[in-house]
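One chain comes next, on its own, written out as structure tokens in the form predicted on its own.
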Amino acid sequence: MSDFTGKTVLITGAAGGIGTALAERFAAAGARLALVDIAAADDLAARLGADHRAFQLDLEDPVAIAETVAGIGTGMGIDVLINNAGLGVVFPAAKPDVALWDRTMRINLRAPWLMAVAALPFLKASGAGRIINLSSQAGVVAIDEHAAYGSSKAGLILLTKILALEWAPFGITTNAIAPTVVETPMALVGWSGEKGVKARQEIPVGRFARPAEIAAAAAYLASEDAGIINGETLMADGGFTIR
């Protein structure tokens, strides 16, 4: 396990299943955490230790993003930004829900960009900043009823490449992780029963991802060992997209 002692890791969506696994992984590796979520993450911060802080933030609010990130950076610094928060609502392309489309884009694509921009001065100051964006297999291949979600995650992959290109001269690397379905409580409800059985059968390894596996991938990309990796999307999908 890499050592993140003395480094601050900012995680959005920290109160969710993947966010909690990320927080646990980086805390165990010595990092100081800024746990950001629209819901309160104070209990998680307290459980992991006195050095960690929780911040409530609505990622649809650009002004709040700028102010919250500036406060975190000024008080704690920012060495690693993990854009984990996302909205997973799906609907058929032929039955458009414009409000849900727009909200999906605001949370899944615009917010990671604005978070990264707000964190940029602090990532520069770090000297070896890291940005990790949580995309999805749905951003790489077509999946039924994923027009909005898939488009937002595909856009996040391209945004990852652009930030990687523009900000590498500052010592910052930007990469993405694209998981299959991850076994969080919410996902297991949405992918239960026959739907879940069929989905697992379509994955060569025969199962969904575990939150700890996504956290381990993020820890690698945030580490010094991954310093040469920039602008890449790590597929954590059990082979779903290799067909």
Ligand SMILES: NC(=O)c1ccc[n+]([C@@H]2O[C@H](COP(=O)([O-])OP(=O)(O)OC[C@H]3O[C@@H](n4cnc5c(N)ncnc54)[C@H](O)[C@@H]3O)[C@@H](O)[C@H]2O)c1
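Because the structure is a prediction, the values reported are computed rather than measured. One-based numbering along the sequence shown.
From this point on, the text means the form predicted together with the named molecule, which you will not see here.
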Among the candidate stretches 198 to 206, 46 to 54, 182 to 190, 27 to 35, which one is within 4.5 Å of the named molecule in the model of the complex when only heavy atoms are counted? 182 to 190
Pick from I78, I131, A85, A148: which residue has any heavy atom within 4.5 angstroms of the named molecule in the model of the complex? A85
Note which of T160, S136, T173, T104 lies within 4.5 Å of the named molecule in the model of the complex, where distance is taken over heavy atoms; exactly one does. S136
Although the partner isn't part of this model, could you tell me whether I18 comes within 4.5 Å of the named molecule in the model of the complex, counting any heavy atom of the residue? yes
Heavy atoms within 4.5 Å of the named molecule in the model of the complex: does A39 have any? yes
Is E60 a contact residue for the named molecule in the model of the complex, using a 4.5 Å heavy atom cut-off? yes
